[in-house]
Each structure stands twice: as structure tokens, then as C-alpha cells.
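Next up: just one chain, as C-alpha cells, the form predicted alone.
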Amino acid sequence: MNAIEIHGLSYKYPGTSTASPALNDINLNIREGEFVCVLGHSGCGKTTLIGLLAGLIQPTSGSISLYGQPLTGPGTDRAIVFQHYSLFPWMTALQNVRFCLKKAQPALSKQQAAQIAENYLRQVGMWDARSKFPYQLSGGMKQRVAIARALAMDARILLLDEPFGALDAKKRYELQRLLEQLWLNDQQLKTVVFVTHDIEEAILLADRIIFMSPGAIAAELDIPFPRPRDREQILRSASYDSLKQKLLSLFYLYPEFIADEK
């Protein structure tokens, strides 16, 4: 079953002078429970695609369906994690998770919401910091809270827009492993669309990589590695080297393009 179906999707930002849209005639199906990484240069339309899937902007033309239903706007069937954390600064870590959880599932009692929030904060290693405000947390800690918040909402689709892009290599690797573990351990495997410009990250996380040239899908690559993934073993494998070279060649084939993407 397809969780996401995209047909003839185009988007042009209002007021842009260029004739080239940010996205042009995108066609893509994503299976239920699939982990898809969208890879490409800055300005190629990756963030625009996430914005459209989130319902934050509407297509210029074409359509998006989620589980067979037309996407018409934002909804609690999707949870989003952005690069710059997007936590409410006036709320503690616990309050951030609990607030969004209640918005997504208003039928939950206060006690149920508190239990679920605690469960996910413990899973991401942030329970001891539950009373801290975002300004008191490091970048990696903020992103752990953002991931806990997204997973606690129990949305069927998880959208991540370069969530680890602002972190150092060590924290980035730790959160990659954590995200894969939480995704695999979930009772109902969520459908994930993960935007990145990092080749290694895409190969380590994805079931399939969608490589974007400016405004279009240039290539799709299936990733053969079984899960859970052993990073060191994968990085030493010939299959990894082959995939990396294919993706590097695409980066060179489609050089960085500064579009009107916002």
C-alpha cells in the first residue's frame, strides 16, 4: 500500500521572477512503512517538497494523496522535525512534548498524555532534562526533544527536514542511530520522508534515496543493507562505495543551483 502518492506536482513561489518553478512535474509513490531520504544540493526543492507534504503550502499544479485521500492542508496524520528544532521557547522539554501530544490526540486524559510524553522522553534520553527550557539545552538535546515530540504524536507519516544538519559529526551519528532504533521499535512502522544533503546519512538511513536535481527527481536508488544497520560494516563494504560513487556522480552531474526556494 502506498502511504504517499504524488502526481504531476509543481510549485512556484509567489512573486518569483524566474520562469523555473521550485518543483516541476514531480511523480513519486512512497510505500507504507518506507524510509525515504530525499538527497540533493541546497536549492533543488527538497524543503519545498517537505512543505507541500506537510500542507504548509499548496501546489501550483498536480496533487498529493495520503493513504488514498487528497492532501488539503496540515494534519495530525503527519509529524514534522525541522533542522532548527522549532521548540516552544516558553515551554520546558516535557511541556513541549505534552502540548503537541494533546493537540494531536485531544481525547487523551492529562495522565495518559503525561505517561506517553514521559515514555518518549525516556526513549530519547531526555527525561532527566524534562524541566529545562530550550535555551538551557544543547543543539543535540533540543533535537532529541523534537524527535520525542514528533513520535509521541503517533502520526502515520514522519517528515524530517535536515534534522541533524546543524549538529557536529558525533551528535549527528548518535541521533541517526537513535532515530533508526525508535523507528524500528515502533509498533506500527511509520512512513518517513527525510531530507538531507549528506550522502553517508542517506545511505545509512534510507530504504530508498530520491536524488533531486533542481526542481525534479533525477534518480532513485534502492539501499540493500539489512536492518538494524551496522555503520562500520556498511562503511567498509563494496556496496557502500558503489552507492556513494553513484550519488557523488549525480552531485557533479547536477551542480548546485540557487533557486527561488524560500
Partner chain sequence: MKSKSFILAHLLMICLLITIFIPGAKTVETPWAFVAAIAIIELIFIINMLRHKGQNNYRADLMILLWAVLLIWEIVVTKLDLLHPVLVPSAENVFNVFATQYGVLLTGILSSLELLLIGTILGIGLGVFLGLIVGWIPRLRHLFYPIAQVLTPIPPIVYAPYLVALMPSFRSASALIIFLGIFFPTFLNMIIRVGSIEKELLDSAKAMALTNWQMVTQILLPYVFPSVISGLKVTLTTSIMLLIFAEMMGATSGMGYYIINYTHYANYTNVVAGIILVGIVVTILNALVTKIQKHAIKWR
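In this text, all values refer to a predicted model and were calculated from it rather than measured experimentally. Residue numbers count along the first chain shown, from 1.
Just so you know, the form predicted in complex with the partner chain exists too; it's not on screen, but the next bit is about it.
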{"query": "Contact test in the model of the complex: L235 vs the partner chain, heavy atoms, 4.5 Å", "finding": "no"}
{"query": "4.5 Å heavy atom contact, R144 and the partner chain in the model of the complex", "finding": "no"}
{"query": "Partner contact for L158 in the model of the complex: the partner chain, 4.5 angstroms, heavy atom", "finding": "no"}
{"query": "Exercise: H84 in contact with the partner chain in the model of the complex, heavy atom 4.5 Å", "finding": "yes"}
{"query": "Single option in I116, C100, L151, V192 placed near the partner chain in the model of the complex, where near means a heavy atom within 4.5 Å", "finding": "C100"}
{"query": "The unique member of G75, G140, G125, G165 whose heavy atoms fall within 4.5 Å of the partner chain in the model of the complex", "finding": "G75"}
{"query": "Stretch in contact in the model of the complex with the partner chain, which is absent here, among 182-190, 76-84, 116-124, 166-174 (heavy atoms within 4.5 Å)", "finding": "76-84"}
{"query": "Residues from 126-145 in contact with the partner chain (non-hydrogen atom within 4.5 Å) in the model of the complex", "finding": "F133, Y135"}
